[in-house]
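A single chain, nothing else alongside it, follows as structure tokens in the form predicted alone.
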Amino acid sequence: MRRVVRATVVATVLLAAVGCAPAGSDEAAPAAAAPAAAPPPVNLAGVWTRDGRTTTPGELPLNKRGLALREAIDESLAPMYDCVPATVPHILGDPYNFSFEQQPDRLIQRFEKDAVTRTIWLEGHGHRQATASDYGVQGYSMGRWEGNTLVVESSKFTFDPGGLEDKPPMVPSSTSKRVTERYTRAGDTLTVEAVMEDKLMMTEPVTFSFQFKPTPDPIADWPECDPEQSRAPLQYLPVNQLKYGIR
């Protein structure tokens, strides 16, 4: 009997040492510590401002559909007149700042222009793939790290009268539009390469490139858009710029 008692005491001490409790004990075992999230390979957090060269395609390689729609669309259909914000890649070329907020499973990108906020879901964290209900003006963005480069793939864009070219002559984008952005930081220089494709409008993808540098300035507040005031400038367009006489 004395040996049995001693064995029981030893077993209890061993169980306690490894963080376990004997069967029937009311004391719950401590939860295992969650593994710490690996830090991103490069820090993109902060506010970024335009710097260096910007390269945009001189002429879009439009197919017959793209050419026909470019001829059909006029200034009155520009989404900005109805408070619709700019989209990638064009918003990256506008002379306004943007910021990145890095979280373990996502990046939040905020633009001064149109007060646009994007969520970039990082792969490997259980985020679902885009579904048919995720179509939107800014699309649905998934990101991943390739070495020191953040690669962002966006799809599920809604039809946009200025989605491929947002300045006259505008070119619309279809729901097949896809944009792949590559953000690479070297010191204080952030280089962004954006490849835009739309198989229903263009014969091949086109590439944009931009450069940014850090700035201590905060993101400026963008005034809320008023739909009535937004369309007011159309009243001053010359008649010869209205293809159909409809403002």
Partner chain sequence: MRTLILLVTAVFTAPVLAHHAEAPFYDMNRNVSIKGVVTKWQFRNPHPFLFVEVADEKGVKREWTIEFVGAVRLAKVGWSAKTFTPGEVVTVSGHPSRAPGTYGISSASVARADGKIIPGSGRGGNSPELLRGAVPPESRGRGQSNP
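Keep in mind that this is a model prediction, so the values were computed, not measured. We call the rigid core whatever largest set of C-alpha positions still superposes within 1.5 Å between the two forms. Numbering follows the first chain given and starts at 1.
Note that the form predicted together with the partner chain isn't included here; everything after this is about it.
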Note to self: When the partner chain is placed as it is in the predicted complex, are Trp121, Asp134 and Trp145 each within 4.5 Å of it, taking any non-hydrogen atom of the residue?
What the structure shows: no
Item checked: Option from 209-217, 195-203, 65-73, 180-188 whose residues, in the predicted complex, bring a heavy atom within 4.5 Å of the partner chain -> 209-217
Note to self: Just to be sure I understand the contacts: of Lys156, Arg106, His127, Lys113, which is the one whose heavy atoms reach within 4.5 angstroms of the partner chain in the predicted complex?
What the structure shows: Lys113
Next item on the list: Taking 4.5 Å between heavy atoms as the contact cutoff, choose which of Asn97, Ser174, Gln102, Thr149 touches the partner chain in the predicted complex.
Entry: Asn97
Margin query: Taking the partner chain as it sits in the predicted complex, is Pro161 near enough to touch it, meaning that at least one heavy atom pair lies within 4.5 angstroms?
Written below: no
Check: Would Thr55 count as a contact of the partner chain in the predicted complex, using a 4.5 angstroms cut-off between non-hydrogen atoms?
Finding: yes
Margin query: in the predicted complex, does Gly93 come within 4.5 Å of the partner chain, counting heavy atoms only?
Written below: yes
Checklist line | Met80, heavy atom within 4.5 angstroms of the partner chain in the predicted complex | finding: yes
Next item on the list: Within 4.5 Å of the partner chain in the predicted complex, which residues of 159-189 have a heavy atom? Give them in sequence order, or say none.
Entry: Glu165, Lys167, Pro168
Item checked: Rigid core superposition, Glu228 Cα moves 2 angstroms or more between the shown form and the other one -> yes
